[in-house]
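A single chain comes next, written as structure tokens; it is the form predicted alone.
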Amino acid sequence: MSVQAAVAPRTAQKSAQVVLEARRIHKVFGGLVAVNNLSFTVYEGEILAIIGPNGAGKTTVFNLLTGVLPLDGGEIIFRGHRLNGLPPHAIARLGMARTFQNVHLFDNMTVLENVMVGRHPRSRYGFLEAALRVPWARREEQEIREHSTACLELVGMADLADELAGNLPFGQQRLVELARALATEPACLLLDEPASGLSHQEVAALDALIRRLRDEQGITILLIEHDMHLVMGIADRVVVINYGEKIAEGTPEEVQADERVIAAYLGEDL
């Protein structure tokens, strides 16, 4: 993984290059509008948080961005590519990776093997080459192993590489899933409630890790999170949605002062 320069401070974000743009994206399930003509922009090197009450449509937005669900309207532009209709693996190859609200690991595989799975979308060999053990395929398999180990080192899990993923406590499983997403070499990383179920100490460590991924690795972060102390401390900008519609957007300070946000979600005691 290459280490890139730290990004500009919050005040300079809008002069940065656009990485991801959602343009009036729309999704309907039966008669229920889950995402209603939602637009937002993510700039290179920023941490953008999407917040809102339960059922606001946040995870549906992630599913639309990553190709898990098809759009019913609007378009998504990522690094100059129109994502409409692309499958998840094609979007991953373009440089977008994600984690999930509920951890999705292969419990009977080792920690390292789980991370190596995330690297395979960027590999060139298939089943036949692997079965024949052709030299170039063996070299690429070694590269996948080394890169995956580096991702585990980045999240502090390299010493548990040979452990079965299913034997790890929840907080460490979240880190393995994050390392697997990093194995795809993302330009933009989507984190779906990464602090859910973590202790205060683990949330503090997560805060520091997210900052390192942005500042040292140059990865743009899009974050869904209910832990408002984490969000307001780490995000450059915040988009607030309710019933699938954007009700506010701005810096954490601006969002916290918005009466619509307070009424819909944050509460008077934040």
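All residue numbers refer to positions in the sequence shown, first residue = 1. In this text the structure is predicted, and so the values were computed from the model without any measurement.
In what follows, reference is made to the form predicted in complex with a small molecule, a form of this protein that is not presented.
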Tell me which of 227-235, 197-205, 48-56, 211-219 has residues with heavy atoms within 4.5 angstroms of the small molecule in the predicted complex? 48-56
Just to be sure I understand the contacts: of 84, 110, 101, 167, which is the one whose heavy atoms reach within 4.5 angstroms of the small molecule in the predicted complex? 101
Report the residue, out of 34, 38, 65, 223, that has at least one non-hydrogen atom within 4.5 angstroms of the small molecule in the predicted complex. 34
Decide whether residue 141 counts as a contact residue for the small molecule in the predicted complex under a heavy atom distance cut-off of 4.5 Å. no
Looking in the predicted complex, any heavy atom of residue 193 within 4.5 Å of the small molecule? yes
